[in-house]
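Starting off, we have a lone chain in the form predicted on its own, written out as structure tokens.
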């Protein structure tokens, strides 16, 4: 005998197939026909499944089946894992069209939800005792769930904190906001310590609200983007943009005018306002030409002995296909100050002779030049 549920599903499936055929012939619309055929296929699968299980009904002529029928079995426990799998599928689909991070989160959510769903389904069939089944499930899942959940929770909180901190308009605002938040957390902790009779549900609700507020704040701050952080310019920045001139730049502000005695200098270059001379450790006298090794860092001390600030510059002429800088320069050196410049040459001097170029230290704003020979 066909059950009532099976009759309804079989009739609906037949009607859907008929409607799909009539619509496809009469309207010749591909989209509508595909939709109706999809509905017909789904109804046919449901009808076949319902006929197979006989609508979960047990015939009165088979009393032995009363205890073994699906309807006589205990219902499965409620579970959020199917919801997690659905959210993961949605996030995965959204990530295909938007941010790749959503795609990765979707894959992780689907994998975690499916694994937990499988473990729960297996544990519920371990025995007829629900308490025993729950204990079996905890024994299997807790060694993995608790460390992973703790790590994820810590990562989410840390990331949310960082987004909120970087979303503040300034450093002072960040200090003020987190000082206030810290004071609130301390006050709540004192209240909990003084009132020991607070129920677990109240504490759980309070902590949950705090976690939701933190995650929501981090999400909003992350979507709004980080505050604009001004890039600090150094001498490499101005050298790359060929700004090693006589004008003061941001890289020259509060630049050190002294050098430690352990700098291991290869040479000391002195500028008197008109000329550059080199003093090489271990040799007496000043040199108008300086010889430096290739492929080794050379620490050069620049002494400004003129009556105005000055900057030492050298063009490196890097070989084609290399990533080396085109030039190096010091910050502006005050009168009587000293700066350290580290130079490394990747080509010998004779490799530049064909182009009529060579290595030389210069001081912008003057004609001073010191030739450098690299063997």
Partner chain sequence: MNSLASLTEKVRTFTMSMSTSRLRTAVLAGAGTLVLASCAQDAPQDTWAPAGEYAQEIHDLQWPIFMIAGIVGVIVMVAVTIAVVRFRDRGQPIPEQSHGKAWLEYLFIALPALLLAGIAVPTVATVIALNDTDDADCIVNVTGQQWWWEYDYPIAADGSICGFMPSGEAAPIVTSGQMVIPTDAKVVIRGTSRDVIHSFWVPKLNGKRDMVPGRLHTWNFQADRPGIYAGQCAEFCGLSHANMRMEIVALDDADFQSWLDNQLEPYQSPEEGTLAAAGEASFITNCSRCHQVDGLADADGNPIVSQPELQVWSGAAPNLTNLMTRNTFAGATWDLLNDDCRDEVWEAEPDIFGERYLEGVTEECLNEIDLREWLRNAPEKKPMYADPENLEETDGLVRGMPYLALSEDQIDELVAYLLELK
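Residue numbers count along the first chain shown, from 1. All values reported here derive from a predicted model rather than from experimental measurement.
One more form of this protein should be noted, the form predicted in complex with the partner chain, which is absent from this view; the next part is about it.
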Stretch in contact, per heavy atom within 4.5 angstroms of the partner chain in the predicted complex, of 129-137, 197-205, 157-165, 265-273: 265-273
Going by heavy atom distances of 4.5 angstroms or less, which of 277, 299, 174, 91 would be at the interface with the partner chain in the predicted complex? 299
Consider residue 295 of the chain shown here, and say whether it contacts the partner chain in the predicted complex, taking contact as heavy atoms within 4.5 Å. yes
Classify residue 283 as contacting or not contacting the partner chain in the predicted complex by the rule of any non-hydrogen atom within 4.5 angstroms, answering yes or no. yes
In the predicted complex, does residue 289 come within 4.5 Å of the partner chain, counting heavy atoms only? yes
Should residue 27 be classed as touching the partner chain in the predicted complex when contacts are defined as heavy atoms within 4.5 Å? no
Mind listing which residues of 338-353 have a heavy atom within 4.5 Å of the partner chain in the predicted complex? 346, 348, 350, 351
